[in-house]
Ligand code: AMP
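The data below hold one chain only, encoded as structure tokens and taken in the form predicted on its own.
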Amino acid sequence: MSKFDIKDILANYDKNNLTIATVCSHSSLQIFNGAKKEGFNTIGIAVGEKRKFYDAFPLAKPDEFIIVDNYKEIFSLTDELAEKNSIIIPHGSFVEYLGPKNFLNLELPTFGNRNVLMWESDRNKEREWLEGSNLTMPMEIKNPKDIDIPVIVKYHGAKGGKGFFIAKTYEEFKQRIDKNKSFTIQEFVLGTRYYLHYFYSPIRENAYKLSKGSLQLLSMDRRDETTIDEVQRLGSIQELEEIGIHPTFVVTGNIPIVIRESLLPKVFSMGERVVEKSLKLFGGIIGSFCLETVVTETLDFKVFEISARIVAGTNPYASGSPYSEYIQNNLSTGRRIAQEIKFAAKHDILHEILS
């Protein structure tokens, strides 16, 4: 995966004085807040000016800011961050804007398994992983000329739905596609969207047990997307498209949600299969991940994507969710990440959850 050995870097770390560091964006408020609750020092890497709004949230404000002009400049910070015993927490913005391939070469201990990046960022490999986990995915259309049902066209990478569009014919596809970007075409599945937030620990067996370690369900959300979630106020989508207004899928926020309890066994079964397959493919997905699903009227799940790290959909649950409250009071995903690092440091097994 990389030319450096995390064990060699960790050998110079003071395990009793670790620092949690991440980029000031996405889910950083709960990452910093959770780290502070577990007694860690925190560093916020701010791209651009210091993020003044953190002053409004003192319990989630990092102990120290490091300011960079752009994401690539983060590579110049590795020695400074290593001297402060820093562990990097990846999130969607951090990985997307630094670039998955660049992130692989960031010579700092990083929470999770970086091998997952190549499987998550390439939609073809992502499908191989998920279908290999015996999950049902929306039908993929290889040739745009074969479009004869409503489809959603997605570009590779995590950009909060930016650029995604619906097409019902090949002509519509041709009018809107950006040929300079890699894309995939999926059937548009009717149903209710549920984004399932899991946490897999390879080093603890105090939850839903797997072949190695255990799995937790921490929360769920659905996304508020513009303009698809509001465009119907102006009329039917067909009427609007006739005058050149096309719905878009840019995520602007996250809505808390709870699924009917009878579906929870299916939820855990899907998470289990994804983890077990990942162990075989690339050594395992570690920590938080999200299955993005649609539940149909027959109560079947179709999984259209996976996010292999903490997702912004966990942000409504800084003080815990209706699911994490059954595990521990006030347990956010950010805090659960800090707990995993704390446990590993105490038992001298940090190398098993960092890469």
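The structure displayed is predicted, hence computed values, not measured ones. Start at 1 and count along the sequence shown; that's the residue number.
Another form exists, predicted in complex with the ligand; not displayed. Remarks below refer to it.
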* Three-residue site N124, H156 and F173 fully in contact with the ligand in the model of the complex at 4.5 Å by heavy atom -> no
* According to a 4.5 angstroms non-hydrogen atom cut-off, is P144 in contact with the ligand in the model of the complex? -> no
* Determine whether any heavy atom of P138 comes within 4.5 Å of a heavy atom of the ligand in the model of the complex, and answer yes or no. => yes
* Is there a non-hydrogen atom of W119 within 4.5 angstroms of a non-hydrogen atom of the ligand in the model of the complex? -> no
* Asked: Within a 4.5 Å heavy atom cut-off, is E272 in contact with the ligand in the model of the complex?
  -> no
* Asked: Which among 184-192, 88-96, 208-216, 111-119 is in contact with the ligand in the model of the complex, heavy atoms within 4.5 angstroms?
  -> 184-192
* State the residue from Y317, F304, F289, F32 whose non-hydrogen atoms include one within 4.5 Å of the ligand in the model of the complex. => F304
* Candidate from L279, I152, L77, V267 lying within 4.5 Å of the ligand in the model of the complex - any heavy atom -> I152
* Asked: Going by heavy atoms, what in 250-275 lies within 4.5 angstroms of the ligand in the model of the complex?
  -> none
